[in-house]
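For reference, the chain that follows is the form predicted on its own, supplied as C-alpha cells.
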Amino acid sequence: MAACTVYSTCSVSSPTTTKTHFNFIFHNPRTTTTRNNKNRAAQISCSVTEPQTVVIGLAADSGCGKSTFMRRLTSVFGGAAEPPKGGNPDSNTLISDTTTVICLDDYHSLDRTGRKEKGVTALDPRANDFDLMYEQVKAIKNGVAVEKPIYNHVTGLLDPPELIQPPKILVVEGLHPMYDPRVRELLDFSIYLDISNEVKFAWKIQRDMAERGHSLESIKASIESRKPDFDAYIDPQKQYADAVIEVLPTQLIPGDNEGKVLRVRLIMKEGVKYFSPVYLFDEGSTISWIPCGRKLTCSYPGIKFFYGPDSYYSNEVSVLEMDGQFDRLDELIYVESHLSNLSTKFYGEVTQQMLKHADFPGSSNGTGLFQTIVGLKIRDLYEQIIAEKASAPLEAAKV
C-alpha cells in the first residue's frame, strides 16, 4: 500500500472562502531493478477546492479500439488530445482542453523483463500496482495533482513519473479500470469494449499478417497465450460497466468470418444516474428495423437495426444493435432522426461528428456510431454533474 504523509496549512482569504494546502508524498517502492526504476516518491502538491473532476473508466483488451474511442470522445468536448508538452516523448497520456486520458499500463509494477522472469502477463493483477492506481485516481478526482509513473511501451521499462493536473474529465483506460472495487467506486461512468474472439482474431490476422509479416501460426499462439488471463481478469469487468459496446460477426452473411461486416450492440444499463439509454422509435418496445431503400444507400448485405429491453449479468438493460455498414455517412442523418435520448445539442450532431472523423476505424459501421453516441452521453453526464455541484451551495443557503 502506498504510504501517505500529509502536511497541512490553512489560509483564510475572506470570511467565506477557505483554501487548504496539502503536500502529499506517496512512497512507491518498485522491486524490479531496471533502468530508471529505483525506489522513488511520487509527490503531490496543490490547493484543494470543491472536487470538480469527473472520472470515466474505459476497459478493453489491447488492440480493441480504445485509442479510437478516446479520439472520438475528446472531439465531442472540443480540442485535439495530445501528449503532455515538453514531457517524455514516450508518455501514454493524452491531454485536451477538457479531458486528460491516462493509460493504466503506467501502473505496471513489473517491467517487461520482470514479467518474463516471474512468468506473468501484463493482464495478471500481480503485474500491476492497484494501491497506487487507487490513491492517484482518488487524488485527481479530489482536485489534487499527482506524479504518475510512466510505462514505456518502446523499451518495456518504467520511466520517471510525470505531473498530471486535475482536468475537468479524467479518463482512465486500459486493461483494469474496473478490476479493483476501490477504483470502480471512483468512476462516474464506465464503458467496456467487448470484441468477440472471432472478430478479434480476424482483426489481428489483417493487421499482423498484412502489416507486420507474422505467420498465421504465430498469431494463433499469441492469442491463445493471452486468453486464460483475459478470461480470468479482463472479461469479467464488463459486468460492472454502465455501457458495453459489443462487436460480433455479422448475421447478414451466413458463415462470414472475415470480420469486415460487423454486428455491433450498445448495451446500456438502466437506472444509472445522469444516464438515459438511447432508444429507437418507442422507448421500451422491441423494434426490428431494416432502413435500406430510397432514403439510405447501402450495398450488400444491407443494414439492420434492433432495439429492445434485455437482461445482462442480472441487470436490466436496453440494447441498440446495428448489423451492416453505411455507404454514405451523410445519409446517417436519416437514422439519427429515428433515435431518441442522444444528448445532442443540435439536430444532426451525431452525423456531423461521424463525418468529421470519417477516416477513423469503424466509421462505416456500428462501432463508430455507438462510440460517438456514448461520447455525447458522457458530455451530457458531465454537464449534469457539474450543474448539480454548482446548485448544491445555493440549495443549502435556502435552508
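In this text, residue numbers run from 1 along the sequence as written. Computed from a predicted structure; not experimentally measured.
The form predicted together with a small molecule is left out here; the points below concern that form.
Contact with the small molecule, judged by heavy atoms within 4.5 Å in the model of the complex, is confined among 267-275, 81-89, 108-116, 286-294 to 108-116.
Residue contact with the small molecule in the model of the complex: Leu175 places a heavy atom within 4.5 Å of it. A residue is said to contact a partner when one of its heavy atoms sits within 4.5 Å of a partner heavy atom; His153 meets this definition for the small molecule in the model of the complex. Taking non-hydrogen atoms only, Arg226 approaches the small molecule to within 4.5 angstroms in the model of the complex. With a 4.5 Å cutoff on heavy atoms, Cys298 does not count as touching the small molecule in the model of the complex; it lies far away.
For the candidate set Ile219, Leu186, Ile253, Ala122, a heavy atom within 4.5 Å of the small molecule in the model of the complex is found for exactly one residue, namely Ala122.
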